[in-house]
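Consider the single chain below, provided in structure tokens and representing the form predicted on its own.
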Amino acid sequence: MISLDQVTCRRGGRAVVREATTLFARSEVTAVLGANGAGKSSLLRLASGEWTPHTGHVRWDVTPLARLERSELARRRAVVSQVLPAAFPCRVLDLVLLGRLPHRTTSRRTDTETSLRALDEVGLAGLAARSVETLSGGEHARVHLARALAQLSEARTAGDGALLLDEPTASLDPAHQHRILELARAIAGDGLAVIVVLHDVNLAAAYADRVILMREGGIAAVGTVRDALTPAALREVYSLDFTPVPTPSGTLFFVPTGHCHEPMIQQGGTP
């Protein structure tokens, strides 16, 4: 669905993504993992069309992403970036309604009903009238996810769209982390491609169909959980030893079992 072919992107004089080739398929959750600064968010921005690569190609099916009308792209894919509080006071419902802006032919009633359903999906149905200024960080994250779900309502019905999430579990407690990723799986079940940047290897192992491991802007490993999350690949990416342990549900749980193999660099460059 969304494919990257030998994509390189430079920002600030350095390559933040290097010669990346991968496919984000319909009906799959793809988790993007890697250490801080590995290029995960940059890869997401390229896949979403926010950034244009310096070399290589990003396509939606066979069409170059840059050739799609921005309005059409907005109806077919939604992005939830690392969330910041709203820059202006408004109701929660008003923030979610922003996701309906690409759908100019729908009625206000349809937009409101769609937005309320999206809030219900993320467990915030009772907060529609609240001011966003009163929300916790975790509630902010879930409201922005609801905005994306409202944006993708028609795409989910058609089974043709993409949801891109940048660290959606970062400010959530464990119960809500699992609820959001269960929702990501349900959206993939509607036929959409779901791309999620995560820091937690075990959340990726529990919910992803495919995993991309990034290191220094390049793709170090890609494949199923069992193919990509090998001890050797994890050590290369995180400089840390992991032992995979089977769980009763059949997934793998990755336990850090060794010391970091690289010294932590302190401010000023002193190891």
Partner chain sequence: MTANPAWAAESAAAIPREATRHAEPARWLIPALAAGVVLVSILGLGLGAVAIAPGQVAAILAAPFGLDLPWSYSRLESSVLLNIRLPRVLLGALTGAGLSLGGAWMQALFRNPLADPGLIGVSSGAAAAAAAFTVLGGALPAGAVLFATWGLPAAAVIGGWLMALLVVRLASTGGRVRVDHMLLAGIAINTLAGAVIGLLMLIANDAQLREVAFWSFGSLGRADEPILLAVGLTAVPLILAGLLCAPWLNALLLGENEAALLGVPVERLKHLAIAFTCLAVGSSVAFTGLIGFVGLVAPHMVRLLIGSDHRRLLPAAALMGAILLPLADVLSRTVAAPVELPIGLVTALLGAPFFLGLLLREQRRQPS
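Note that the structure is a prediction, hence the values are computed from the model and not measured. Residue numbers count along the first chain shown, from 1.
This next part talks about the form predicted together with the partner chain, which is not shown.
Taken together, the three residues D94, E121 and H144 all come within 4.5 Å of the partner chain in the predicted bound form, as judged by their closest heavy atom. In the predicted bound form, the partner chain sits within 4.5 Å of a heavy atom of P89. For the chain shown alone, E50 is a contact residue for the partner chain in the predicted bound form, at least one non-hydrogen atom being within 4.5 angstroms.
Though the partner is left out of this view, H199 does not reach within 4.5 Å of the partner chain in the predicted bound form, counting heavy atoms only. Residue contact check for D160: none of its heavy atoms lie within 4.5 Å of the partner chain in the predicted bound form.
Within 4.5 angstroms of the partner chain in the predicted bound form, the stretch 223-241 places no non-hydrogen atom at all.
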